[in-house]
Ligand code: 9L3
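Before any questions on how it binds or moves, here is one chain, the form predicted alone, in structure tokens.
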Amino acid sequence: MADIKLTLVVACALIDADKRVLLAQRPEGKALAGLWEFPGGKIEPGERPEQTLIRELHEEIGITVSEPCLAPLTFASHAYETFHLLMPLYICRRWEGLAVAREGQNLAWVRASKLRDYPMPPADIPLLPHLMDLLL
């Protein structure tokens, strides 16, 4: 069997006071462009998942998150053609600042009942029932 590259990515479901979840649309030029996902990114060497989220959420959408406000919810394990993705999903209900698209991506605050209306990468879809159970 060929060696499979394991890619560690961490994502966060930001939940606002109205129980809406923030989704970001992958910009043109990126893999899976146009699909909607939870903000986050690749875990860099020497980083813990929480550190990655704090860094990525600041870089991508300009918010400041403190580590105690991040709670692990579930994870995705998905085999893409060229790599295997392992992605913990955290939830966060408290942050500082307003979420703004800093990387040209579209952002949407989405009610749990409408999450399935947004086309997502295959790895993200199995995460939805866990999130919907929490919010509905």
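The numbering used is simple: start at 1 and walk along the sequence shown. Remember, predicted model here, so these are calculated numbers, not experimental data.
Beyond the structure shown, there is the form predicted in complex with the ligand, which is absent from this document and is the topic of what follows.
Transferred by C-alpha superposition from where it sits in the predicted complex, the ligand keeps all its atoms beyond 2.4 Å of the backbone and C-beta atoms, leaving the site open. The ligand is not shown here, and in the predicted complex it never comes within 4.5 Å of any heavy atom of Glu50. Although the partner is absent here, Lys30 lies within 4.5 Å of the ligand in the predicted complex, judged by heavy atoms.
The ligand in the predicted complex is not approached by Gly34, whose heavy atoms all lie more than 4.5 angstroms from it. Contact between Leu85 and the ligand in the predicted complex is found at the 4.5 Å heavy atom cutoff. Stretch-level contact analysis of 106-114, 66-74, 91-99, 38-46 against the ligand in the predicted complex, using heavy atoms and a 4.5 Å limit, identifies 38-46. Across the proposed site, Ala13, Arg20 and Pro129 without exception lack any heavy atom within 4.5 Å of the ligand in the predicted complex.
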